[in-house]
Structure formats: C-alpha cells, structure tokens
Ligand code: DGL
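First comes one chain, alone, set out as structure tokens in the form predicted on its own.
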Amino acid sequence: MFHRKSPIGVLDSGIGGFSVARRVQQLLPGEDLIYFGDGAHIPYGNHSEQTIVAMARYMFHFMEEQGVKALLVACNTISCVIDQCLDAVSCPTFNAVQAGADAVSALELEKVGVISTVFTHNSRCYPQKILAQSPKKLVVLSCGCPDLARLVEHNLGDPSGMAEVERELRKELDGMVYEEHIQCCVLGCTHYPLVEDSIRGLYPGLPLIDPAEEMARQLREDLSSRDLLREEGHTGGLEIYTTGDVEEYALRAAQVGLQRVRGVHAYPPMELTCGV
C-alpha cells in the first residue's frame, strides 16, 4: 500500500542516475529518495541482454522491498529491456528512453542525434520510440559510445581525466555535429548529463535533451494524480545504496550537487555466472 510518506526509487548502472535524482530533488524537494547504483557491473551497455535483464531485476526486487511509490529507471540500457522487468515491482515505473522520446516529440525538428551506450544504440530503442511519436518525417542519428560512461564514472572532477572524457566526446560527436548537422542531441545515457558543461563547451549552441527533466515532470504529474505528493513543509532526504565503492559514491554525490544525503551504504552485487 503506497502512501505519501513512501519513498521514490531511482536506479542506475552506476552514478549516472545521480543526474535524475538531482532533477527530482530540484522539482520535488519534499520527497524522500532511495538510490541504487550497480557500480560493480558498470558499464551495462557492454553486457548481454540476458545479463542486463537479470541485473535489472535484482535492483527492481530491492526497490520493491523498500516500498517505493514510484520507480525511475535512470539507466537507458535497462530502459531498452524494461518490459522484461515490470512484473518485479508493483509501483508505476518511468524510464529514461521513453522520457527522452517524449521530450523530442514536443520539438519541431528535422534531424536529431542520440548518444548512448552500445547496447542502447544496437537496440534501436531511441529511433523507434522517437519516430513512432513524430508527426512528420524525422531523421534520427544514433551513436553508441563504448567507453564514455565508464570514463565519466571514474573521472568526474579530475581535470586530467576530464580531458580524456572530452577527447571521447569529440570522437563520438564531431561527425553528427559538423557533418550531419544535427539540430539537437539526446543524452541517451544518464552519465552524460554529468558532463553537460563539457559538451556545451565543445559544441556551443547545440541544444541538449536530458531525459531526466522529462522524467521528473512526469513523476510529479503521476504523484499528484494519485494524491501521493509529500505534504508541504517536509524536507526530503536521500539514501544511497551501491554495489560499488561507497567512498566514491559519497564523493560523486557531493560533486554533482545532491542534497540531504543521509547515508551511503554498501549492498552486495548480484553474482554473475556463465549462464547469465
């Protein structure tokens, strides 16, 4: 049974979902959040579909045990296989790919670029969902970045490491920007908004779409419609769980501006076997 005091869940393959948690805190500061980052298995985009589904369901079960009233699937890679996970939770679920497609559909565009993990790119989730909602002919260019999420995860805040991140960004985006002349770029991995300033510095004037903004807006509408918005006057907190490095997660949370972090906790990772 959900009630106003129930928390909101946010899950991701790593720290990328901090960009979603940050948006929710900005829009709904009274809500309590529970975050799960599966840092032990990043990057998800380099795993098989079977493994991704198994790891995602592991996190879904955790969120169901926490009694979350809504679940935000920040990971774009998991969003591509979300239909295989929804039976693991009883609350409404929102995912990054659908939110990104919804945001694009509200714009008047002719050519859109999407950067994502290799798995998300190969799944064609973004082009399919964007084109399904487009009222006119639209070109969607997709690029799978095998190393970008990992580089962001481990180099955020490190000037020398960020130089490597920017080299990777140029390698993946230059063609779409300077040769294909895309009119906007969807940040199809939650890690990428964490380096949004770098992207804007490399490509001034290129509009960027962060699915986290749309997810937070849809969340607010859902909670309002179910009369589950937290009462005014309450200040929400954030509990973080990770299968990765607890100290690194605490540092990254502070770096990206997350507020009212009550604790960062270690959680055992799902054991991967040859059959998964």
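Position 1 is the first residue in the sequence shown; the rest follow in order. Everything numeric in this text was worked out from a predicted model, so none of it was measured.
Only in words, not in the display: the form predicted together with this ligand, which the text now covers.
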| query | finding |
| --- | --- |
| Segment assignment from 173-181, 188-196, 202-210, 102-110: heavy atom within 4.5 Å of this ligand in the predicted bound form | 188-196 |
| is_contact(Gly39, this ligand) in the predicted bound form, heavy atom dist at most 4.5 Å | no |
| Any non-hydrogen atom of Pro43 within 4.5 angstroms of this ligand in the predicted bound form | yes |
| In the predicted bound form, Leu72 touching this ligand (heavy atom, 4.5 Å) | no |
| Contact of Val152 with this ligand in the predicted bound form (heavy atom, 4.5 Å) | no |
| Those residues of 76-96 which, in the predicted bound form, come within 4.5 Å of this ligand by heavy atom | Asn76, Thr77 |
